[in-house]
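Starting off, we have a lone chain in the form predicted on its own, written out as C-alpha cells.
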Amino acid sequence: MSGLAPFALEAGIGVVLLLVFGAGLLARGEDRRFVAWLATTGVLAVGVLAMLARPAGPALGGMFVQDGLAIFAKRLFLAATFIGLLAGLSLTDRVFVRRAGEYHLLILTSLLGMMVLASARDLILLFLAFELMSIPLYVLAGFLKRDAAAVEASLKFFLVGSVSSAVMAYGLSFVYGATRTTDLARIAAVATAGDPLLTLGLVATLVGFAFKIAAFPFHMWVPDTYEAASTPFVAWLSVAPKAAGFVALFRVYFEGAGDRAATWVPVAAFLATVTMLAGNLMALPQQNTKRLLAYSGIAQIGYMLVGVAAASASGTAMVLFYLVAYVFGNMGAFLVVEALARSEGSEATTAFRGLAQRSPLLALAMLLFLLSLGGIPFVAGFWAKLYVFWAATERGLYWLVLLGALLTVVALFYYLLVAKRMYIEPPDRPTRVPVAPTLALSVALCVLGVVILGLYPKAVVMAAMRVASPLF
C-alpha cells in the first residue's frame, strides 16, 4: 500500500470520476442534477483527504512526486473546483440539467490532469498531463452548443491551444535532444549553460506555458471564451488551469534549470511587463463585466510573473500565495456577475446600478472582491501584490515594481467604476436580486477567503515558503 501513497489524491478523483460516469449512464429522465451533487460531494471528500496528505517518496522511477509543492497545488485545485461545482449546482438551463453527467465528467477529467501536472517531474508526463487538463476545457467552453458565440469561442480556444501544444512539444523535443533525458532532476544536472539547442527548446516550451496561463500575447482566446461560456465554469477556468500552469513553470524553469534559473529573469520580466500593460489597458474600455474580468485576469497574470521574474524561493512562494488570493477574489467576482445576470438578464457593468440599495450584502461581497483584485488594504489581494513586489525588490527589479505599482492604480479605475455603479448610481428597479442558495454559499466562501487572508495571511505565506524553498 505504501507504493500507492503518492497517488492517493489522484485515485480519489478517479473513483469520483467513475462514480459520476456510472451515475450518468444509469440515470433516467431529463433531470440528472443528482450527478452534479455526487461530483461536488466527491470533490469535497477528496479535498478533506488532501488536507491530511503528507509528502511521499517519488514514484514511477522519479517521474511522479508527491512533494510539498504538489500537495499545496492540489489543495488549491480542489478548493477552486469545489467552489465552481457548488455554484454550478444552481444552473437551471436544460443543457446542464440533462447533460449533467457529461459536464461533470469533463470537469473531473481536467482536474485529474491538473493534479498529475502538479506532480510531474518528467517532460513526457508533464506534456500528457497538460493535454489531459486542456482537452476537456475546449469541450466545456462550447458546452452550450446551440449558442453560436460559445461554439466560436470554443473553436478559437481549441485552435490556439492546439498550436501552443504543438510548439510546446517541439520545444520539449529540443530539450531532450540537448540533454538526452526527460527527467527534470537530471536535466538540471547535465544541462550545459549557453547550449543553443537547450535554449531554443526552453523558449519554445515557454510559449506553450504562456498560452496556458494566458500571458500576453498568447491571451487572444480569453475574452471571447470567458464571455460566451457558462459563468460558473468560467470562474473555475479563470483560476485553476492558470495555477496548474504556474506550478509546471516552476518545475521546468526553476527545478529543471538548477543554478541557471536566474538566466530566465529578463524573459520573465519582459513577459510580466507586456502582460500587465496589455491586460490593464484593454480592460479600461470594457462594458461587459465578464470581458472586463477577463482582461483584468490577464493583468493579474502579469503581476504573478513579477514574482516569477524574481527567480527566488520568496518570489515563488509569493506567487503561490497570490494564486490562493486570486482563487477567492476572481471566482467570487465572476459568481456575483452570474447572480446578477440571472436576475437582470445582462452581464453589462450597467446591470450593477444601485445594487447596494437592492441587495446590500451582494454589493458588499462584490466590493470586497474588487478591492482584493485591485490590491487595496486589508484584503487578500493587497498582501498578494505587496509580497510579490517585495520579492522582486529583493532581486533589484525596482523598475518592474514601479511599473506594477503604477498599473495597479490604472486597474483601480475600472474596478471602482463597477463600485461606483453599485453604490452611487440609482437602481433601474427596486426589487431585490434573488440568489440561489448554493450560489450564495459559493460567494460566501469566497468572501471568507478574501477577508481571512486579508486579516491573517501569515499561515498561507509560511506554508508557501516551506514548499517553494526546496526548488532552489
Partner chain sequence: MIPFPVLSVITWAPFVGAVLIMFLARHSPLAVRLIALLTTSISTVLSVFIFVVYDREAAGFQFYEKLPLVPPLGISYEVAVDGMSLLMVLLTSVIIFAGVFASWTVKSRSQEFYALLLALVTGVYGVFVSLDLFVFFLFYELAVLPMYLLIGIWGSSGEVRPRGIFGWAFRETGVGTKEYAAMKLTLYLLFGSAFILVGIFALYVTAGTGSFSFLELEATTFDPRVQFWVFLAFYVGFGILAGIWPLHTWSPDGHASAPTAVSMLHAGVLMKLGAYGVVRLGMGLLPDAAVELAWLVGGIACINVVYGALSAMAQTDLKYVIAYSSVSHMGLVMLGAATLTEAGLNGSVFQMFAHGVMTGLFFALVGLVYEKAHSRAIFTMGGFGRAMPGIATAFTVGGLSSLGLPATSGFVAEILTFMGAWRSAHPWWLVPAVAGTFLTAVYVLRVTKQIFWGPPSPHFDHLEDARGPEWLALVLLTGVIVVFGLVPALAIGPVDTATVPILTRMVKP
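Just so you know, these numbers come straight off a predicted model, no measurement behind them. Positions refer to the first chain, counted from 1.
One more form of this protein, predicted together with its partner chain, exists but is not displayed; see below.
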Practice item. Please run the contact check for residue 462 against its partner chain in the predicted complex: heavy atoms, 4.5 angstroms, yes or no? Key: yes
Review point. Is there a heavy atom of residue 26 no more than 4.5 Å from a heavy atom of its partner chain in the predicted complex?
Key: no
Practice item. Check whether residue 383 has any heavy atom within 4.5 Å of a heavy atom of its partner chain in the predicted complex, and answer yes or no. Key: yes
Practice item. Decide whether residue 34 counts as a contact residue for its partner chain in the predicted complex under a heavy atom distance cut-off of 4.5 Å. Key: no
**Study point:** Output flag, 378, 412 and 424 jointly within 4.5 Å of its partner chain in the predicted complex, heavy atom basis
**Key:** yes
Check your understanding: Which one of 341, 281, 402, 149 is close to its partner chain in the predicted complex, taking close to mean a heavy atom within 4.5 Å?
Key -> 402
Practice item. Using heavy atoms only and a 4.5 Å cut-off, determine which of 416, 441, 59, 45 is in contact with its partner chain in the predicted complex. Key: 416
Review point. When its partner chain is placed as it is in the predicted complex, which of 353-361, 171-179, 125-133, 86-94 ends up with heavy atoms within 4.5 Å of it?
Key: 353-361
Exercise for review: Sequence order please: the residues of 384-411 with a heavy atom within 4.5 Å of its partner chain in the predicted complex.
Suggested key: 386, 387, 389, 390, 393, 398, 401, 402, 405, 406, 409
